[in-house]
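Take a look at this single chain, the form predicted on its own, given in structure tokens.
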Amino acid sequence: MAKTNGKPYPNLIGGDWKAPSDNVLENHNPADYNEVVGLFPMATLDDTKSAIDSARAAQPAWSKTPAPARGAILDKASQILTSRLDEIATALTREEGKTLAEAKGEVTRARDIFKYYAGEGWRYSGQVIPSSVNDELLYTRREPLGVVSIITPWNFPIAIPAWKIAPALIYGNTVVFKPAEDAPHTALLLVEALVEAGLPAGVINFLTGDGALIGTEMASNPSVNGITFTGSHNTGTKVYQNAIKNMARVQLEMGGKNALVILKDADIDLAVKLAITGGFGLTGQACTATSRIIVEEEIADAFVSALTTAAKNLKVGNGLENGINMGPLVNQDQLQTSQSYMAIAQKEGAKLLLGGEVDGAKGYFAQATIFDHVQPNMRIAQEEIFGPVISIIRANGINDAIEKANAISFGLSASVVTNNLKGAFAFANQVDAGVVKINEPTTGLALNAPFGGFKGSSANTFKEQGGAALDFYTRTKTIYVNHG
């Protein structure tokens, strides 16, 4: 298989850019696997330890930098992202595969996250508490956690790093950052923006390479005070086990099997739109993607017919081309996993309505896939596929629908489509998910609102994003002052 030559890119350790040696990570374009997007260093164990040591050495001075001054650097970085939006979005599409419109939306979100946390430099504070003692001042202050390891996935290669890195930095922490092997270039562009904005040496360190080697050290090194991870449940469990040995703080987001519940009074056109957006947008490669649709039996046939027609009209192809609705999966393994569930589901008795691999393509393309008459205990209804695959489960009434929505080990995102206020709030109050939506897709998040799941979707510890990030990235000190 002929390959185009890829440009070599460096790691960043203690302010020094370290170019790759002979042992490199090849980053390929999922829309054309012959194209090598770039060559990245395979960081060693010594590299990882050096990065952690650099973060530790830089942390005292960074934590003493006034928070508004730290915020000014984040604000400058957001301006750099704005000036390079088209360039970064194109790079994102080339290495991850989502459409250019989706990529631009993600880069814009990263920019806005940096702007939001830049303002936190002026906002966050401790608390003065009424004292029961005369002549005593009782108050709290927020202090940085210390060194934070950040491990991110490939599906949102700039937004997820942004919503972890920005709060870590604004609250005075230093960072060791490892992106996924399938999307290091976009992550590097984010780091470059921070360096150009004036971030001091050692405050952020960037490593690429083998996740098992680097990630294990980042989670288990005793100089690391906190680990924030987004990825699979199996890997997240290992991260937790390694971190707890040092009593390090842990924040995990580990996927979902999200349900869109459609009640019999729902607007079918709206329901179809939300299903297409949540299930096939981003090629289904989102932790909040709609992978299960639970629809009341009275309208199931009409909904299924309309959804299948809409899905057939989706244009699959290279996300850099005009008119494309759905890009490729990120790599061969993801494509094979997605396609393997077609055989699994049919063997279990589900009815395949639409789906299959795109023949003759040079990339990892698959059609939008829909199964009907799926039972809640089938593997296709229980296991995270992370691809454009929707399972339709039929329900008899709202109580049955909620019960089936909750019949999984995950609890990240869920949505209901209804015009009935009573039904909407019954769903919102009873569904076992950390994010609940009414007449909106399961995907899409407000950057200033807490994000995190229940059950196997998280460590059930700390939420991400918005003001909730303060709880993870800082520790509280209580101070008593007797001034009598």
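In this text, all values refer to a predicted model and were calculated from it rather than measured experimentally. Don't overthink the numbering: it's just position in the shown sequence, from 1.
What follows is about the form predicted together with adenosine-5'-diphosphate, which we do not show.
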Any chance Ile151, Gly215 and Val239 all have a heavy atom within 4.5 Å of adenosine-5'-diphosphate in the predicted bound form?
yes
Sort through Gly281, Gly146, Gly231, Gly355 and report the residue having a heavy atom within 4.5 Å of adenosine-5'-diphosphate in the predicted bound form.
Gly231
The one residue among Ala345, Val316, Ala180, Val250 placing a heavy atom within 4.5 Å of adenosine-5'-diphosphate in the predicted bound form is Ala180
Please identify, from 110-118, 259-267, 222-230, 135-143, the stretch that has a heavy atom within 4.5 Å of adenosine-5'-diphosphate in the predicted bound form.
222-230
Is Ser305 close enough to adenosine-5'-diphosphate in the predicted bound form to count, meaning some heavy atom within 4.5 Å?
no
Distance check, Asn246 to adenosine-5'-diphosphate in the predicted bound form, heavy atom within 4.5 Å
no
Counting only non-hydrogen atoms and a 4.5 angstroms cut-off, does Gln336 reach adenosine-5'-diphosphate in the predicted bound form?
no
Might Thr235 be said to contact adenosine-5'-diphosphate in the predicted bound form, defining contact as any heavy atom within 4.5 Å?
yes
